[in-house]
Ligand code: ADP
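Consider the single chain below, provided in structure tokens and representing the form predicted alone.
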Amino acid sequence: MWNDIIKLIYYVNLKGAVLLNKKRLYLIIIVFVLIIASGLIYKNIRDKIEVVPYTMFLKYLEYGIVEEVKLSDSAKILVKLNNGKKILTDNPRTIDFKKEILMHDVNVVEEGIEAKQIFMFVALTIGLIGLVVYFRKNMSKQAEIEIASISNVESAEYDTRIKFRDVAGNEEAKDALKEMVDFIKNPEIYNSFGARLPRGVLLYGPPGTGKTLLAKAMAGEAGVPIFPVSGSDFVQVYAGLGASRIRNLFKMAKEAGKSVIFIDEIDSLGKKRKGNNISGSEEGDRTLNALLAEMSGFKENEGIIVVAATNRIDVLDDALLRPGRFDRQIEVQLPDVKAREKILKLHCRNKPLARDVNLKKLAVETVYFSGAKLENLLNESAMIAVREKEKEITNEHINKAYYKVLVGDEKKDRSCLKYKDREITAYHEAGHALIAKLVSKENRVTKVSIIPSTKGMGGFSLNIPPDRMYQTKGEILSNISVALGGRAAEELVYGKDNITTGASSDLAKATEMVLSLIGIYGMDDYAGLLNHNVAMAREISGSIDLLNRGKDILGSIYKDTLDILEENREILDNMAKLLLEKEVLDEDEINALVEF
């Protein structure tokens, strides 16, 4: 019975488990407590009746002091004496028992079930039936309330005091967004010229480049509220819930008037729909269709703009990218050297920096660092300075943080490392550094280390290329050669049968570069200008043998790399020997070895 009661309290429908609200739960508990209490009270009263042996009852019959006997199927019978006292005795359940009692001129009352037991049973049955009827009438309403509650999308409060002046770098993206700010502030002017207010702005680019910060700054400059959500907030297992949340979000924005809706990681919501997918009513498609419908349903120039951010614009559905949806698509790139210097200065405003710290030099050395990575670099520097109980952040702190961000912390205990392993690592890293200095003369090799790190690296060679917008074919081939330099040095020194697993990540990079050169950039004469990704997407195969062609190119570059190291074997040996002695070489020491 209790299982049935629990099922009544927790009703499970197709939308999920619906929990009764507290008032109703308290009411149910009180009803059952009263029923149980009544039964206990009755039992206690009954337990106070004296129980006498059956032999004593027979003597009462002989003495003629028994007035009434209530017969039932229970183990005990209730006996009423002449003085009004009630007693209980054993039920003999014999055939002639009633006849024997009647012969003593005793009143006999027969009961199948005691009246109070019948009352309790009837009351409990009526109570359960009443609860079932009550739940049937109210459960659908309760489910609607619960679904409406979880359909409300939670939008965190962003600080709208952030302005474009608080965003360093990304000048082109800021200029594009400043125009959108003017659209929001003065839609009437554009309306008078018959211009349509852009409905959406898509910010795309690598992670950590400041897309979210730009959206905050845009709302702050316009002085309007921002409703920030994540694309994953709309990916739900309940049918129709994602679409309901989309509608609720746009309803909130319309009620606020001029505003900005910011959807981060929109690729989790707006992935391309497959043309051969017959299940067009799937939850993901419904949610995407709701977003498309809401963006198309804006009134002209009502001052609401949808800003979205993604790292994967290539996976977004074409319907999202058409005019009338995300009209503006702004690339937020990794910062160049000037932008990196501005970002570093911005994040140093509240940090005690030593006077000899050169942020311009640091900006040059942080190629391919995003804004978030630069902020993390300075934050790690500050933490190291605090840990060492210094009053200022020095160049030494920044250098430690720099290599911690790149390769992790240095391993303190290196006693378990064998000399042979250290020697292999020294030749491996010297091979990378030497090839970089010889084939990529514009690159800077700023540091070579054979100190193992907590990220599992046995050592590293830091090769910094100059800031460029594009890469040439020659540069890609040179970078492949640098990646293969470690393995080539191992083979040259120890022989082909003694090469190690230390080059696994280098081979992955080299493979990625050569396949991109052949199949994406169209830089290989054999493969021509064919983009292999497009061919694969259209399920066209057999046009080129990409893997075999990549293998041939890697083999050719590897042979050239071996030849270069063999020609410069003396420099390689000297660099490896110095690494074993000092463990770390800086840029000046590397240049001195190569130029010797």
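For every residue, the number given is its place in the sequence shown, counted from 1. All figures in this text were calculated on a predicted structure; none of them were measured in a lab.
We do not show the form predicted in complex with the ligand, though everything after this point is about it.
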In the predicted complex, the residue from 392, 166, 396, 100 that sits within 4.5 Å of the ligand by heavy atoms:
166
Could you check which residue among 207, 257, 352, 223 gets a heavy atom within 4.5 Å of the ligand in the predicted complex?
207
State yes only if every one of 242, 272 and 289 has a non-hydrogen atom within 4.5 Å of the ligand in the predicted complex; otherwise state no.
no
So in the predicted complex, does any heavy atom of residue 212 sit within 4.5 Å of the ligand?
yes
Is it the case that residue 266, even though its partner is missing from this view, gets within 4.5 Å of the ligand in the predicted complex, heavy atoms only?
no
Is residue 170 one of the residues lying within 4.5 Å of the ligand in the predicted complex, judged by heavy atom distances?
yes
Does at least one non-hydrogen atom of residue 347 fall within 4.5 angstroms of the ligand in the predicted complex?
yes
Only one of 372-380, 314-322, 191-199, 418-426 has residues with a heavy atom within 4.5 Å of the ligand in the predicted complex, and that stretch is 372-380
